[in-house]
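In the block that follows, a single chain appears as structure tokens, in the form predicted on its own.
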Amino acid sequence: MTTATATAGTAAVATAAPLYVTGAGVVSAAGYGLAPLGELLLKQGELERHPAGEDAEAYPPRPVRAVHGFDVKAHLGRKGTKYLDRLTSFGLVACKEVLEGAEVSGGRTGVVLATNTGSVSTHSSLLYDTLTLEKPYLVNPGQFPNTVMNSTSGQIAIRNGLRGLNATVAGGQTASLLAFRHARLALGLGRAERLLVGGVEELSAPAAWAWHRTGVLREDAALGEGAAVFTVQQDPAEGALAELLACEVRFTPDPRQYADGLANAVARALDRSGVRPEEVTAVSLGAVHHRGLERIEERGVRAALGGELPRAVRVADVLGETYSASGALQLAALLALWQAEPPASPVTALVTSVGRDGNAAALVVRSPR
């Protein structure tokens, strides 16, 4: 998994071998797949700003970037979809897209998915029914499996016959990047040959009110939803969409040192990747629209790269805040831009994330060769 290299005058550094991204499945307010996301990012277009779903009227007064017109039955058929919530449906549709046409060995293929709390909508509706219905047996038991946070990754495995490693990652704002780090460790330990890695998030009125009341986002910040899932493997593959180099995380307990924590994570990730700071051509930022964190993230990246901020990609500007899925959609944004405007030669970019809990993460990505 890793090879030791040494630099004259410095300690030996274990350089991370690349992982290869061979497929991408994306569900977002921009549409399905990388192409519409790339087009939206290049044009900085405007999307619909109103909520979707049965609870649309109950949202707080702030813009949202919902996946409008989403019907899971149109993608997966009617069988087994009656009790699927929006979160699980996004994950299943993204995985269907990423697996389409791929030859997959179910026994050696697994899932690593960032979902944090699971479906807030399902939790809320089940709790409401439990407290308001006259008899316990009137509560629909079909809702209960969706209240478990690993329900989505389990449904993905069952529906696609994937019997390898199955993991759900919760890590707040950094959850998706923690999922990529978990996947790297799992592949390195031989726990699977191939993993579906990504993040998923749904919009609902209860979750929207939670964001609105906490005040952690700027007043004009939109809320978003969606999923991005990638097929990741160690073996080189012709036509790979990208190479994932090192992914490093850092926890910093003192909020005054959050920027230093992120700078440390970025520096370590670059070091493990064998990439010099001046070789980074773009950074996909995660704390966009977060009061306070936005500047901390930029300051941490600048510190690690020697003061300059390369081209900044802010996918939250077009898709809104997507929490669990933010890191995965940040990666999707880079891949979408590389597909829309292929670089003349391979370029290297960063995906960064920082949370209010002190966690920070950085993933180094290289465009196709």
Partner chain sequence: MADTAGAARPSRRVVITGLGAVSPVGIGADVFAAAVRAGVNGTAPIESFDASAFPRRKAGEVLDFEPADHLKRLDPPRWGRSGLLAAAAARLAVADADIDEEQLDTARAGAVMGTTSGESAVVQALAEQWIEGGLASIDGELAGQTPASRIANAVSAELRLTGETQTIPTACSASNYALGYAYDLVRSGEAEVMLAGGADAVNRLTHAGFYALGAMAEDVPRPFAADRSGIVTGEGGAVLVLETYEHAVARGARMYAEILGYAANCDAAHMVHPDATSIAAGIRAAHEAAGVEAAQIDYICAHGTGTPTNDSTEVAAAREVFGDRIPPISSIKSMLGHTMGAASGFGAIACCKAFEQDFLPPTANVTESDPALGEGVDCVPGVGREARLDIVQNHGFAFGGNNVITILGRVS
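Positions refer to the first chain, counted from 1. The structure presented is a predicted model; accordingly, all values stated were derived computationally and were not measured.
One more form of this protein exists, namely the form predicted in complex with its partner chain; it is left out here, but the text below deals with it.
- Of the residues 276, 78, 213, 295, just one reaches its partner chain in the predicted complex with a heavy atom at 4.5 Å or closer; this is 213.
- Out of the listed residues 232, 242, 249, 222, 249 is the one that sits within 4.5 Å of its partner chain in the predicted complex by at least one heavy atom.
- Of the stretches 224-232, 96-104, 183-191, 278-286, only 183-191 has residues with a heavy atom within 4.5 Å of its partner chain in the predicted complex.
- Among heavy atoms of residue 217, none comes within 4.5 Å of its partner chain in the predicted complex.
- Interface membership of residue 22, defined by any non-hydrogen atom within 4.5 Å of its partner chain in the predicted complex, is ruled out.
- Interface membership of residue 323, defined by any non-hydrogen atom within 4.5 Å of its partner chain in the predicted complex, is confirmed.
- None of the heavy atoms of residue 348 is located within 4.5 Å of its partner chain in the predicted complex.
- Residues are counted as partner-facing when one of their heavy atoms sits within 4.5 Å of its partner chain in the predicted complex; in 157-176 these are 157, 158, 161, 162, 163, 164, 165, 166, 167, 168, 169, 170, 171, 172, in sequence order.
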